[in-house]
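Presented as structure tokens, the chain that follows is alone, the form predicted alone.
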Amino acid sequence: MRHSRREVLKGSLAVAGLSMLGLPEWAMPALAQGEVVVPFTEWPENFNTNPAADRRLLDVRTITGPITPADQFFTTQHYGHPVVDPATFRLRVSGMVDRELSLSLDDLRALGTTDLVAGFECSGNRRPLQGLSGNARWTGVPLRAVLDRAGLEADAHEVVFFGADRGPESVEFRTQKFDVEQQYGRSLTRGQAMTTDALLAFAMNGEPLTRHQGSPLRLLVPGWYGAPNVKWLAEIHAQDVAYLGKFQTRWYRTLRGETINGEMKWTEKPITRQQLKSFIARITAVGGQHRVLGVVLNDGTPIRSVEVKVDDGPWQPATLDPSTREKYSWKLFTYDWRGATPGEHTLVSRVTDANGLVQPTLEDLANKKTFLEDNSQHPRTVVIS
């Protein structure tokens, strides 16, 4: 069954909203009158954007512009959605700092605010849905401004970020197991904290953060996967040793086999920067012609090219949307598929960055054992009638 223009646009960001964000109306890849969505054959029949109480998925087939509305932006977490009163909120900065701080939202705003367009995905985002992804305009105070205000001591090598969300955990040590309560926590090295464009965000798309997006304050590390972007940010703690919390060292990591000095070695690496990725979000038809809309996600490295291949044909250049050129924004692309014949067809995209890095195939990732960081080329199958 093909989907109508009304169905696809339902719940999408209004043109007026884009204008308020300074984005041109012409940038919207909205459907033309009479244009219909050609369904992917692998798409679940009963797709649900809220499959569980702690999760929301973006239906990528409904993307109509650069900015993802707050009520469609993906969310996933481990300890539910804590309620934090913005009026009484205080961000605590402690540990190896010259001055411990307790900052209200007004105190943070007084340090100087900035806007940043950034798109990211959960490290577990993968085929066929690709729905744990989104792009938004974030407003907040640069992390460096807060750390400069506190003053990091010379031996403070790690900066830990704790959310207000917490829950019971079992920590294993050799043959022992300890039941404890833990906050969600992630860390950055001193260098990462002081040199990235990390933001302490209190607004999304011009409105205060929603509870699902970490109200009243969250960390945003642009170009990184979602896990480091701690929501409901409550504490920043500087220390001289590496932070070894569950979600830093055990839960979010990739096991990969690498050939080192002629020998296969199995390495475990933490989930940090986004791996170069593209995927086709939807295919539409109007008047016998077909258009492909896709998404690129990466760590902010400039993009050299995006290409689309139909069946066993050659790679063909796609066109990047000029409204998504900001460094950390996701990049939208389109490809006009001409002369589609009746029957089943497979389409796939690949992206190449300015350093010559090419998005891998699934076969290229054969030595990656854990499912996180799946940035492989994702074929989509459709049937043309």
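We number the residues from 1 along the sequence you see. No experiment lies behind these values; they were computed from the predicted model shown.
Quick note: we don't show the form predicted together with a small molecule, though the next part is all about it.
Asker: When the small molecule is placed as it is in the predicted complex, are Ala118, Pro222 and Thr272 each within 4.5 Å of it, taking any non-hydrogen atom of the residue?
Answerer: Result no, not one residue of the spot touches the small molecule.
Asker: Of Phe89, Phe74, Tyr243, Phe202, which residue is found within 4.5 angstroms of the small molecule in the predicted complex when only non-hydrogen atoms are counted?
Answerer: Selected residue: Phe74.
Asker: Evaluate Tyr184 for contact with the small molecule in the predicted complex, applying a 4.5 angstroms cut-off between non-hydrogen atoms, and reply yes or no.
Answerer: Because a heavy atom of Tyr184 falls inside 4.5 Å of the small molecule in the predicted complex, the answer is yes.
Asker: Hey, in the predicted complex, is Phe279 touching the small molecule, heavy atoms inside 4.5 Å?
Answerer: No - in the predicted complex, heavy atoms of Phe279 and the small molecule never come within 4.5 Å of each other.
Asker: Even though the small molecule is not shown here, does His157 get within 4.5 Å of it in the predicted complex, heavy atoms only?
Answerer: No, His157 stays farther than 4.5 Å from the small molecule in the predicted complex.
Asker: Given that the partner is absent here, does His78 sit within 4.5 Å of the small molecule in the predicted complex, heavy atoms only?
Answerer: Output for His78 is yes: heavy atoms within 4.5 Å of the small molecule.
Asker: Going by heavy atoms within 4.5 Å, which of 301-309, 230-238, 187-195, 173-181 lines up against the small molecule in the predicted complex?
Answerer: Of the options, only 230-238 has residues within 4.5 Å of the partner.
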